[in-house]
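Single chain ahead, by itself, as structure tokens, in the form predicted alone.
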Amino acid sequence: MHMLKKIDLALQLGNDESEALKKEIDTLGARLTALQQEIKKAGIPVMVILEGWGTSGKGSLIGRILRYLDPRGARMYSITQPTGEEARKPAMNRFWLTLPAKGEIAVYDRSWYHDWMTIGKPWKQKEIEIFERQLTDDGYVIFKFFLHISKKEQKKRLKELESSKNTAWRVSGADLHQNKNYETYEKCFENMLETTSYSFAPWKVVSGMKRKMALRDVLSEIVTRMEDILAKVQAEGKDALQKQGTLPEEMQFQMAPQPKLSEIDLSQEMSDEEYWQKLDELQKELLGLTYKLYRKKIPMVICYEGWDAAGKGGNIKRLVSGMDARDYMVHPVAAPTSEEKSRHFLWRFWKNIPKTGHIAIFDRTWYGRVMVERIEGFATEKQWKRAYNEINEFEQELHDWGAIIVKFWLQIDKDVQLERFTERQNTPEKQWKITDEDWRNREKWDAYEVAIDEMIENTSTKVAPWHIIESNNKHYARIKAIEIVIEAIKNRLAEI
């Protein structure tokens, strides 16, 4: 494709101060101002990223774009090197946290392509593709602009900045290195542009030789595309931008098949004496192992799902009793807030990913998308069907980062659930545990069982398999869960 070569920089000699150009920019800017309100009304989240050569004019261009936007619905992010805290999370974590809400616009001065544009630094092509595809499948609109200038023009601008005390600070060693090694960087940038100009998030290369012409070209692209998108939404409805979602063959997952819930034997028993003895021994062993995780900086994510009254809370309590409270965090997951519903469903879980050496325990998880949100109609068919692959990609990314992932489904039968519901309802100190929603969900047991079987079948991967815990007997379930966590940690430590 040679996207950079297609921009003939030598031809950019027009009058950058012409009245006609100024009027064109003013017209486009006014249209962008109006479009922002239409975007807000349609609930379309928009992301605009500016990449390019050092001194190509990204900062000034972003400033001009923001003048046309209501700051209450737009936010700018300047991406630099990750902080110490950010470096202890997955590479894409900090970018997930910047997602705009529906109807809002986020503008990025550099982006998740930051490392790619630094020679010799690792880049995350697969993670970037997943990030952009998942967002655009969910209705996000992503604009990607690269500002291109010649080596001669860059050198000229660097000298101009260095000539004044007020601007010399803006010239970094990286900028000078880039100009000195222009041809090497040009090949790197060309590879980046060609490799990541996806159909769902294409690159637009803009000449930065004349600043106002660059502004005109960027505004024109945003306005033209957004008018087309809004016309599509008006014609087809608010879900017009939602996609079914497809998974490239190279991203298919190795599965770890599990039995259906109806095939699980729930007859296991455990005496009080055996329980207390094993619990004490296992908790002591677990404590020592979690200290090793901390020293080795290995993160861990533990997921609890199960039927209402299956014993998730009690199971978690016994598990964390064998851990140092400084090393773990329990995240109870309820219905999403309005802020959470206005973004991709994984956004609220990316916020709670542990840093290296720490443990995150989720009491209910991202699997709500393919269970309660599916059954209760809170997610469209496109959304919950698409979620299987999105979840697998999410967990694969955590695994590739280095996290141990353990997922539990706590299984009980319908009779045991009724017994526990009745006990809760008739015991004053336990009544807070039972709600009308629990009884309503029970009436849909069969529908939920179908959804759960499909969930386990589609998301039990080799890197993040499901563990079905027989939970009619709470003592047995607690011991089994702790044993599985211990085994998972031992297996990872053995790999080091």
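Everything quoted here is computed from the prediction, not taken from an experiment. We number the residues from 1 along the sequence you see.
FYI, the form predicted together with another copy of the chain isn't displayed, but the following is about it.
> Exactly one residue in G237, P259, G377, P71 has a non-hydrogen atom within 4.5 Å of another copy of the chain in the predicted complex; which is it?
Selected residue: P71.
> Which listed residue (H331, K382, K124, H399) meets the criterion of a heavy atom within 4.5 Å of another copy of the chain in the predicted complex?
Of the candidates H331, K382, K124, H399, H331 is the one lying within 4.5 Å of another copy of the chain in the predicted complex.
> Which one, 81-89, 366-374, 208-216, 194-202, holds residues whose non-hydrogen atoms are within 4.5 Å of another copy of the chain in the predicted complex?
Result for this chain: 81-89.
> Indicate whether T356 is a 4.5 Å heavy atom neighbour of another copy of the chain in the predicted complex.
Outside the cut-off, so no.
> If we define contact as a non-hydrogen atom of the residue within 4.5 angstroms of the partner, is T98 a contact of another copy of the chain in the predicted complex?
No, T98 stays farther than 4.5 Å from another copy of the chain in the predicted complex.
> Would you check, heavy atoms only and a 4.5 Å threshold, whether W169 touches another copy of the chain in the predicted complex?
Yes - in the predicted complex, heavy atoms of W169 and another copy of the chain come within 4.5 Å of each other.
> Verify the contact flag for I434: yes if a non-hydrogen atom of it lies within 4.5 Å of a non-hydrogen atom of another copy of the chain in the predicted complex, no if not.
No, I434 stays farther than 4.5 Å from another copy of the chain in the predicted complex.
> Using heavy atoms and a 4.5 Å cut-off, decide whether K23, L28 and R348 all contact another copy of the chain in the predicted complex.
No, none of the three is in contact.
> From first to last in sequence, which residues of 58-78 have any non-hydrogen atom within 4.5 angstroms of another copy of the chain in the predicted complex?
Going through 58-78 in order - heavy atoms within 4.5 Å of another copy of the chain in the predicted complex - the hits are G59, I62, G63, L66, R67, Y68, L69, D70, P71, R72, R75, M76, S78.
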